[in-house]
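Single chain ahead, written as structure tokens, the form predicted alone.
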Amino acid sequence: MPLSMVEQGDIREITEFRGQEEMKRHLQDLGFIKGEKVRVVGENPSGMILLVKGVKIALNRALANRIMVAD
């Protein structure tokens, strides 16, 4: 399931990325690594606030839609 579908407060494990290599590298540089846990700490219509490796990161929904997480 895409990360953009996860509800606030839920914790999920990253399973894969969809998109071009440049975008995948950018997400990995931010800490989004396959097997890493990610928590949704906030949401609004344009994006999400996520907690990865103890760091809060804001992502727009288009990018969050390219990160796949375990159900």
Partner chain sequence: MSITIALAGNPNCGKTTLFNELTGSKQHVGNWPGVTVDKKDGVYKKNREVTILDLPGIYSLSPYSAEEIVARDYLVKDKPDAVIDIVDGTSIERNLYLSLQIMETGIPMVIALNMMDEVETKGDKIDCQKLSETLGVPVVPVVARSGKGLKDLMDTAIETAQSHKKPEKLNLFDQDLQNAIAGIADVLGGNNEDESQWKAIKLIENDVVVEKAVDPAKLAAIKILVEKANKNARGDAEAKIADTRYQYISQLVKECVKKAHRGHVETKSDKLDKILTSRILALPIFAVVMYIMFACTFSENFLFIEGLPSPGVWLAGIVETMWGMIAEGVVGVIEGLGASEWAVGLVASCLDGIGAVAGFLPLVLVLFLLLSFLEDSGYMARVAFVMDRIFRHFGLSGRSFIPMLMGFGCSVPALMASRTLESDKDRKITMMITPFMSCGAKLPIYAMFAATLFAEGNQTMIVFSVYMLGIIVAVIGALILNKFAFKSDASSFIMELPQYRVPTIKSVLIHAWEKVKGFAVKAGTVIFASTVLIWFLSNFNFSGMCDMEESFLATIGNGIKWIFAPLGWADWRASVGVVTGWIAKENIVATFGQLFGNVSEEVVEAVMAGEEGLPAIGQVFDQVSAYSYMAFNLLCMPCFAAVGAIKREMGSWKWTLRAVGFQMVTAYVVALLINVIGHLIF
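Predicted, not measured: the structure shown is a model, and the values here were computed from it. Residue numbers count along the first chain shown, from 1.
If you look for the form predicted together with the partner chain, you will not find it shown, but the lines that follow are about it.
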Against the partner chain in the predicted bound form, would R18 count as a contact residue? Criterion: heavy atoms within 4.5 Å.
no
Closest heavy atom of K37 to the partner chain in the predicted bound form, within 4.5 Å or not?
no
Hey, in the predicted bound form, is N65 touching the partner chain, heavy atoms inside 4.5 Å?
no
Contact flag, R12 vs the partner chain in the predicted bound form, heavy atom cut 4.5 Å
no
Could you run down 1-36 and flag each residue that has a heavy atom within 4.5 Å of the partner chain in the predicted bound form?
Q8, E21, E22, M23, K24, R25, H26, L27, Q28, D29, L30, G31, F32, I33, K34
